[in-house]
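One chain follows as structure tokens, the form predicted alone.
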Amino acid sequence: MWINSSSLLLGTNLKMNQTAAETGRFIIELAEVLPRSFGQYFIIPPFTSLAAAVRARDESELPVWIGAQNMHWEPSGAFTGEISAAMLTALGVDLALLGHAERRGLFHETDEDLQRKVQAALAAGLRVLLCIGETAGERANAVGLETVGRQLKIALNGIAADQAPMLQVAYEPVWSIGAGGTPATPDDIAPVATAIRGLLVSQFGDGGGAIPILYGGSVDPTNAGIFLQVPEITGLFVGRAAWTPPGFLAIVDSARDMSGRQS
């Protein structure tokens, strides 16, 4: 396949790491080394770093979306510790990360919760990066595809075709993410990515064919280019390997080596 670098999405979730000053410096330093014409980058820092990240993005003019790691579906109310879509858009945030495996697993977010969050984010004008993926147990019991399909269909139920351009889907097999994850192979990923694309096209028509599908799970400079050879994968959602400017650049370089090359 040919990889179209202009449509490639590549970014990272910083999780509970970096202070506001550290995130601002991270983005400024990235702007000094990253190629400006290679795809679209995104950085998803902690809530406390969002304002600094937006400022650094604007000052550096780096083509990077700034994303939030979560949000509530209600516009306001008695939800201590939560953040609304309006609060995010007021900061200049571009994107909401929804459905990450840690939110589903550690904080017990349900598919129905995600459906409400996706609807609220899109209504507020935020892009959505929706994470889906099966656990090791679901994989072992041969229900991985069913799990991913259920997560996707419930989260996107009720979303109109004209909202499809604001959607991105990240396939992150739970058994592969984190420091102790087992790296997936292209053969593991390909049938899931194909199934995801089929469901998106079924719901959104031609628009579903254009929704980016990212892969995330133990991505590093040694395998980033390999994952981009998988049919339907048009981006990478990277973890700790991209938490420093040299690490992020190494991932980009791996992706660039594959860009424009026929596999």
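A quick note: this is a predicted structure, and the numbers were derived from the prediction, not measured. All residue numbers are counted from 1 along the displayed sequence.
Keep in mind the form predicted together with ligand PEP is missing from the figure; the text below concerns it.
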* Asked: Pick from 111, 138, 94, 102: which residue has any heavy atom within 4.5 angstroms of ligand PEP in the predicted bound form?
  -> 102
* Asked: Among 233 to 241, 46 to 54, 206 to 214, 29 to 37, which stretch sits within 4.5 Å of ligand PEP in the predicted bound form, heavy atoms only?
  -> 233 to 241
* To do: Using the partner position in the predicted bound form, report whether residue 25 sits within 4.5 Å of ligand PEP, counting heavy atoms only.
  => no
* To do: State yes or no: in the predicted bound form, is some non-hydrogen atom of residue 66 no more than 4.5 angstroms from a non-hydrogen atom of ligand PEP?
  => no
* Answer yes if any heavy atom of residue 168 is within 4.5 Å of a heavy atom of ligand PEP in the predicted bound form; otherwise answer no. => no
* Report whether the minimum heavy atom distance between residue 126 and ligand PEP in the predicted bound form is within 4.5 Å. => no
